[in-house]
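A single chain, nothing else alongside it, follows as structure tokens in the form predicted alone.
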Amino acid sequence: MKKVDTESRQKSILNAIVESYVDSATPVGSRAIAQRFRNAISPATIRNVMADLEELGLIMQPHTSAGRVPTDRGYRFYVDSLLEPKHLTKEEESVINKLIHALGSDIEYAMQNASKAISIVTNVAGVVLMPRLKRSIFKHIELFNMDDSRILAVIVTTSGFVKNSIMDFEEHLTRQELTRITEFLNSELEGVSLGDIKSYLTRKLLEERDSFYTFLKRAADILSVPGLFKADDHLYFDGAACIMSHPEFMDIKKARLFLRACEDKKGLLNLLNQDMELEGVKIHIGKENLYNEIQELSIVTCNYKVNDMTVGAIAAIGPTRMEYGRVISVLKYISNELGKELESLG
């Protein structure tokens, strides 16, 4: 029983240290913790427990005679074992909805406003990864003759993404032939993900052995042009000023690393592409991140879906001293609303 009591007390005091440090951004002393417990635990007992937590690597003393601050390991324990999600207020939900469901918006406007909503409500930076084109669902295509050897293809997805591509095509196709191919593709490919179109048409070709084969082969050749379904990853970013307002970034080294991460984006892109494959919210704390530019930060990510298919990811980026419970709730809410908006745009 004594061991259980000791572990319970350690968890309670660690929880208090994390929450106090998140609130104040200053090292937390035993007296401040005692006040949180309304002096039910003496400062001497708290100091003993803090010494144990320091030995476990969950907190540290930044300098002599200072209070304690959580380590990355301490934050990880807090997030995995102690964290309680915070419910959004009606006002916060209203701010998010007004931004994401703005009248007259298009897909890029929705993306930019989603990143802005993350930043405004969490007071850290918001990032949104553009829907992956190959994950998007085919809705509509139009084909046009540019001249005897070039065709313009305009593809629209159910998430509202529009891709234009001009392709060189050796065989000249008349307007009537292009119209027939367009009508066939729009009928045949509805509901197919862009990443599956090539294999889908290949299977159809293997099944055909009559006069329809030549027509189907022309349609497949048009959609097999390199780069037609390729789009560069694009990040929508908002809230750099929010990050710089946190006291951690008075340290010029940390500020420079963060700005470098914003400019380069390689680490963020790799992280979001990786997390997009996983369900639920993912939290990366400090040095858990592989890239040097983001090892002083915490990054919380969540994928978003259109018509039940994962197409992209969103993230909140800030100091390790962030309100994880609130950030998690915000990302879950925005993920859901962004998916709804993209479905309506499609």
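Start at 1 with the first residue shown and count on from there. C-alpha atoms forming the largest set that superposes within 1.5 Å between two forms make up the rigid core. Because the structure is predicted, anything quoted here is derived from the model rather than measured.
Missing here is the form predicted together with a further copy of the same chain; even so, the following discussion is about that form.
Item to complete: Identify which of N273, T202, S245, T214 has a heavy atom within 4.5 Å of a further copy of the same chain in the model of the complex; exactly one of them does.
Response: None of the others qualify; the residue that does is S245.
Item to complete: Quick one: from S193, S105, N97, T71, grab the residue that has a heavy atom within 4.5 Å of a further copy of the same chain in the model of the complex.
Response: Selected residue: S105.
Discussion item. Within 4.5 Å, heavy atoms only, one stretch in 86 to 94, 73 to 81, 105 to 113, 193 to 201 touches a further copy of the same chain in the model of the complex. Which?
Written reply: Every other range fails; the passing one is 105 to 113.
Worksheet item: At the 4.5 Å heavy atom threshold, is L173 in contact with a further copy of the same chain in the model of the complex?
Response: No, no contact at 4.5 Å.
Worksheet item: According to a 4.5 angstroms non-hydrogen atom cut-off, is P131 in contact with a further copy of the same chain in the model of the complex?
Response: Flag for P131 set to no.
Discussion item. With a cut-off of 4.5 Å between heavy atoms, is N164 one of the residues that contacts a further copy of the same chain in the model of the complex?
Written reply: So N164 counts as contacting a further copy of the same chain.
Practice prompt. Evaluate L178 for contact with a further copy of the same chain in the model of the complex, applying a 4.5 angstroms cut-off between non-hydrogen atoms, and reply yes or no.
Written response: Taking the distances in the model of the complex, the answer for L178 is no, it never comes within 4.5 Å of a further copy of the same chain.
Fill in: Residues V22, V121 and M309 all lining a further copy of the same chain in the model of the complex, heavy atom within 4.5 Å
Checking in the model of the complex: none of V22, V121 and M309 is within 4.5 Å of a further copy of the same chain.
Discussion item. Once you overlay the rigid core, does the Cα of A240 travel 2 Å or further between this form and the one not shown?
Written reply: It does not, since the A240 C-alpha is displaced less than 2 Å between this form and the one not shown after the core fit.
Discussion item. So that I can tell if I120 moves, could you say whether its C-alpha shifts by at least 2 Å between this form and the one not shown after the core superposition?
Written reply: Shift of 2 Å or more: no.
Worksheet item: Would the C-alpha of M276 be classed as shifted by 2 Å or more between this form and the one not shown after rigid-core alignment?
Response: M276: C-alpha displaced by less than 2 Å between this form and the one not shown.
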